[in-house]
Structure formats: structure tokens, C-alpha cells
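One chain follows as C-alpha cells, the form predicted on its own.
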Amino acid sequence: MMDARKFRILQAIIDDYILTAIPVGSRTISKKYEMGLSSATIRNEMSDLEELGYLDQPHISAGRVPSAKAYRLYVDQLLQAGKIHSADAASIRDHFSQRAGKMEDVINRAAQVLSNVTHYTSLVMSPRGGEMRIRNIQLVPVSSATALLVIVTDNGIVRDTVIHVDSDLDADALYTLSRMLTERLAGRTLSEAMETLQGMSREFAQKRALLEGIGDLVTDVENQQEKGRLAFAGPSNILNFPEYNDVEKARAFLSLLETKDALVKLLEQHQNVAFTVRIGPETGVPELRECSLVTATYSLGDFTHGTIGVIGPTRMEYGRVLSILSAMGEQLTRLFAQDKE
């Protein structure tokens, strides 16, 4: 049974192991944490904690290390993110002081900032292409027979291409078309926009080539977004932790990042949940059985959400990571809201 004393001892063991990565013995707890308990009493409690599945003993003569079950209990007790450290907050603010720009640039920059601040491997995922909504469409004359078509989505994706248009479409006509197209397509998802364009091609048969050009660009936006949804930074940061000194273990981890598919599926499972903490085997990914994945969400409007997260050893600093992810999510949400003003 887990009573208050056992929990205090377990918390001390976890705190110490997070800092040192060295198995913790009863003498260490007795000397460092001033619990008013003898080494023998602490040793007995540690034996009970091991029987309960909260501690593992790597070697017969060594101290104990926390199990995944122990980290789960530890995280559940402090899941509310604490106040972010001022230095961490300043680092995040400094990197996001300018307007958003293109979505791809923002998520790549966010991944790098998150990795720099946490010193773990970071992940930033944008929403699925099908979740994005069109903000506006612009047609700008280039020559008598061509125009620049620009599509802007609600989360900052900008795509443009040159398309062929009828020679009788001057700047004023293209401006009128741009307004009409924006009125009909604004607020629609990319898949909804495609359906609308198909209906319009029947309504405006003489503009079919133009509408097909818009449809091709909408499809391109969606395809490109699917390819570039996940950015990560600091993949080699995991090698700084002694748990990953093993070459085979490190290679498997880096291979997982390279393929991305398993990570995208993992992040999609709870992409509308404010925070998730998956510890070791809870990830369901063999390459992450000794890692934890902590994620948070950010908003790009009423309908779309992205995900940010970090991967590190199970002994990561959970409280600090949660506070950093909370601040980063707020900063990204504010940044994209600012970009729409």
C-alpha cells in the first residue's frame, strides 16, 4: 500500500535519479533529504516499493531506479504545469517576437527553440491539410494571358502559382474574380473547397480552366502540408544521456525519427488534448520503451490544432517540461492569432 512516507521516499528517489542517472541507495536518501528516518527504515520502505512495482534494482548490490509505474504516479501528482522559469520564458519570447510568416518556417523555428530550451529532442506538428481552411484567394495579372494565383489558409500557409487566363481578364476583372472566389471559399476546408470548385466549374463553364488551376493549387497545398507536417530538432540530444550510450539503442531511436510515420500516428492520438505524458511502454513504440513523450497543443483558430512535444529519457524533468510546453503553446497560439489581425 502506498502511504505518505513511501511516497516521500519514492519522490526523493525519482528527484535524485533525474539529476544523477545513478541508482539510488538508502544512505543517499537518508543523508541528502533529511527525512528524519534511519537508513534501515528507508531500506525497508524501498523493498516494499520494489514489491509494489515502483522501483527496479538493476544489479544485486546497486541502489534502486524508478520504474515506468513510478514515473506515472510522480507525473500524475504534479501534472499541473508550474510557473515557467524566467530564463526559459525569455528564450521563447525572444524567438517569437516577429509575425508568423509561412507555417513551415514557424514550425521549424518552434522545434529548434523547444530543443534549445529543453535540451531534449523536440517535435512540432502542424494540423492535417484537410483541417486547414481557406482565408483568401488573390489573382494578380502577370501578362495578357497569365496571372499569379495566391491561396492563403487560416494557419499561415501561402502557396502561389502562375496560371493561364483568358486575355479579356484585365486587372479589374481579376480583382472582381478574386473577391467572388474568396466569398465562396473563405472558411471552407481544402476538401470542401474542392467540392465547391467542382460545382462552380459547371456554373461557370467559360472559366473552367481558371477554376481547374485553382483546384490544382488547393490539392498542392494539401499534399505539401501532409509531407511537411512534422518538424523535429535536436535528434542527437538523446545521446547526451547515459541511458543511450548503447549504440544499437541510439541507432534505433534515430531511425524512428527518420521515418516519422510512427511519431505522426502517436501524436495524432491525442492531438486535441491540452497535455499528454506517455512514459516508456505507454507510447506503444518499442524504440521509445525507455523514453517519455510529453505533448501539448496550440491553436490556429476555432477548428484547427497543432501539437508540440519533447522526447527524452524517462527521468526527464517533467515539471519543467510541462511549463515550457504550456508557454510555447500559448506563444504559438498568440503568434498565429496576431498574424490574422
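Note that residue numbering begins at 1 and tracks the sequence as displayed. Source: prediction; values computed, not measured.
Another form exists, predicted together with the DNA; not displayed. Remarks below refer to it.
Considering the DNA in the predicted complex, the lone stretch of 52 to 60, 278 to 286, 306 to 314, 291 to 299 in range is 52 to 60 [heavy atom distance within 4.5 Å]. Contact annotation for residue 40: at least one heavy atom lies within 4.5 Å of the DNA in the predicted complex. Although the partner is absent here, residue 46 lies within 4.5 Å of the DNA in the predicted complex, judged by heavy atoms. Taking the partner from elsewhere, residue 334 is found to have every heavy atom lying beyond 4.5 Å of the DNA in the predicted complex. Residue contact with the DNA in the predicted complex: residue 8 places no heavy atom within 4.5 Å of it. Within 4.5 Å of the DNA in the predicted complex, a heavy atom is found for not a single one of 135, 187 and 199.
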